[in-house]
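Below sits a lone chain in C-alpha cells, taken as the form predicted alone.
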C-alpha cells in the first residue's frame, strides 16, 4: 500500500472509532451496526466463495452455529469474548467435518450440498430450540448499542485484515491457483483439497465469529433465525455487487446493500425484495466484477491518459 492509501485507512479508522461519540441517534447507530455485521459476514463468505472460487450456499450454517454456541455459553455465565471464540471454533470443526465429503463435489453440486447442510440445521435447530432466546433481565437493564458497535467493528476489521494477509501470502497463492484451474494446480503439486479446506476453515471461523457478535447484539430472537438462508444469499449478493474475490468489494457491497435496503424498505416496503432480486441479476449479467470492476477500468484509463 502507498502513503495515500495508508492515510485514507487511518482517517477512516479514526472516523469509525469516533462515530458513537458524535452520533446520538440510536437508529443511525443501529444502521451502522448492521453495516459492520454485513461487512463481516460478506467478507467471511468471500474467503471461500471469492478467493477459492467455491460457491458456498450454506454459509448461514456457520453463522448460526457461532450465534447458537455463543448465546448458550454467554447465558451460562461465560465471558462473551471466550464464548464467541468457542462458537467460531465449533463452526470450524463443523466445516472440517463436512469439508472432505463436500469437496468431492464440484461446481453446482458443491453449492447444492452446502445449501442442504444449512437447511438441515435450520430445521433441526427450529425443532430442538422452539422457544425464543431473550437476554436476561439483568443484562437487558444495562443494554447499550455502543459496546455492540465496537464489537462488530473489531470483528469486521479482524476479518478484513485476515483476508488481506491471507490473499497476499503463500497460502493465498495456492488458494487462488485452485480457483483459476484446479486440475492444473494439482498437476503442479498444489493440493487442491488442502487449500480449499484452509479457505473453508477460515471462512467458517469468521462466519461463526460474526454470528457470536450477533448473539451478543440481538435482544431476543428464535434460534433458527440465524440459520436462515437469507444470511447466505445476502452475503453472497454483497460480495458480487462490490466485487467478488477482492478485499474491498464485500465492504462496498455491504454498505451499498444496507443503505439501499433501508431506503427501499421505507419507500417501497412491498416490493423491495423483488427490486433486490432484479438488481442482483443485473449485476451478475452486466457487472460480473462488481463495483470494483468498474473502478479498475476507470483506473486503467486514467493511467493510460497520464502516459
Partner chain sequence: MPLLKIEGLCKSFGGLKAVNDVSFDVAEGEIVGLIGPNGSGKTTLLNLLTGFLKPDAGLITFQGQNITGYARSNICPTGIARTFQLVKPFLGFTALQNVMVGRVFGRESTQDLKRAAEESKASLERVGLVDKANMLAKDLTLMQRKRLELARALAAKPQLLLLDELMAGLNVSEADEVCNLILNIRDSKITILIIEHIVKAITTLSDRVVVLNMGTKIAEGAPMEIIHNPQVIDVYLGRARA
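Residue numbers count along the first chain shown, from 1. Because the structure is a prediction, the values reported are computed rather than measured.
Keep in mind that the form predicted in complex with the partner chain is missing from the display, and what follows is about it.
Enquirer: Heavy atoms within 4.5 Å of the partner chain in the model of the complex: which stretch in 133-141, 209-217, 83-91, 171-179 meets that?
Expert: In the other structure, the partner sits against 171-179.
Enquirer: Which of these residues, 120, 100, 112, 184, gets a heavy atom within 4.5 Å of the partner chain in the model of the complex?
Expert: Only one listed residue qualifies here, and that residue is 184.
Enquirer: Name the single residue among 74, 205, 195, 231 that comes within 4.5 Å of the partner chain in the model of the complex, judging by heavy atoms.
Expert: Selected residue: 195.
Enquirer: Find out whether any non-hydrogen atom of residue 191 is located within 4.5 angstroms of the partner chain in the model of the complex, and reply yes or no.
Expert: Yes, residue 191 is a contact residue.
Enquirer: Any of the heavy atoms of residue 104 lying within 4.5 Å of the partner chain in the model of the complex?
Expert: Residue 104 lies outside the contact set for the partner chain.
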